[in-house]
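Just the one chain here, laid out as structure tokens, in the form predicted on its own.
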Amino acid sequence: MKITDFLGGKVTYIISHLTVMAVTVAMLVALNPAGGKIFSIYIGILYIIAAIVPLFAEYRRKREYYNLLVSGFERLDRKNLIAEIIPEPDFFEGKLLYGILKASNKACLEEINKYKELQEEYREYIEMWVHEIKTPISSSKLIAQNRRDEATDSISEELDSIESYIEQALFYARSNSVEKDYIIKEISLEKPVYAAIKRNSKQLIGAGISVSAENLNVSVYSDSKWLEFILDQLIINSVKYAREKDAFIRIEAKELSNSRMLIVSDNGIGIPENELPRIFDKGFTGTNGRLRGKSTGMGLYICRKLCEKMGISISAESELGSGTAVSIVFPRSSMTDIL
């Protein structure tokens, strides 16, 4: 708070006091022309001091409070909690502002809690719906497997795709409260990698894509179920955007100085350079997704969100026409020390 800002709101106060002082001095001089000038000057000086001292004291008190208010607000991550960290002031305008902030904060928290409850209800409904819909899908797949022909094989493949999208919806619904559904512990990369490959074996065989897995006898700190879902999404993307002949997917682990890296690479159609920074954005499908019409723009977004929750990083490199490599980096130390 600057002195000019403070004085700007005190213009009427200053003008009125100067006017009263000038009239008082003039009256004293008029009443005592002989010796009234010196006396009038003293009276004028005392009047100015009496007016300035309380003005300065008020400025100093308000400046300290409002500076505290501004600095506290700037430091806060959750701005709506400003009323919780500042003390109640001792002047009327500050008390009024403090009361408004308190009331506003309370109303804001009530609104937040209301929407949290609605979100939680929606998440519970999605989870229930997913579990319910899995039963008819499993039954349909069983019927298709018992009556094998070209048509039922195609139906079975489409059911696999539907099941994959349903799993994606379930993981997305849980992604905002992932800490309730995962356990970080030391696991071998072999289990989630081979589980993801097995899960997509039909699509891989049908598309004629060869898969190689190397150096997977490595331990990392992660949740096996969530990591399997992430790998599943990466393999699905590689199948979607595979080249027509000699397509392959390579999954390998590497040791770094302070971390371990899992790389999923392919020789597919690749990603345009200008689109690469956006592939983890929500709903981004890109040129390839629009051309092939098979992308929702949610898979990689959910992967990044889950990685952030688990304290691991994910990134991608790609060259148009040559393929894509997605890297997942795990810290060496246990994440349980952080959680």
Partner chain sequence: MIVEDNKKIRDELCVFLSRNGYECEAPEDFKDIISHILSSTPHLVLLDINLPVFDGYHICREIRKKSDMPLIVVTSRDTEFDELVAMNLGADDFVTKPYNTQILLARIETVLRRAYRESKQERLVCGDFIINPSKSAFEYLGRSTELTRNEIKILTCLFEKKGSIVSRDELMRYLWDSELFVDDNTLTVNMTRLRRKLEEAGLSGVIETRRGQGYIML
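Quick caveat, the model's predicted, so the values are computed rather than measured. Under this definition, the rigid core comprises the largest set of C-alpha atoms superposing within 1.5 Å between the forms. Positions refer to the first chain, counted from 1.
What comes next is about the form predicted in complex with its partner chain, which does not appear here.
Exactly one of the stretches 78-86, 209-217, 107-115, 256-264 approaches its partner chain in the predicted complex with heavy atoms within 4.5 Å, and it is 209-217. Although the partner is absent from this view, Ile100 stays clear of its partner chain in the predicted complex, with no non-hydrogen atom inside 4.5 angstroms. In the predicted complex, its partner chain sits within 4.5 Å of a heavy atom of Ile205.
Using a 4.5 angstroms threshold between heavy atoms, Glu120 stays clear of its partner chain in the predicted complex. In the predicted complex, no heavy atom of Lys245 sits within 4.5 Å of its partner chain. Looking at its partner chain in the predicted complex, residues His17, Ala22 and Ser40 place no heavy atom within 4.5 Å of it. Contacts of stretch 155-170 with its partner chain in the predicted complex, defined by any heavy atom lying within 4.5 Å, are made by Glu163, Glu167, Leu170, listed in sequence order. After superposing the rigid core, the C-alpha of Arg148 moves by 2 Å or more between this form and the one not shown.
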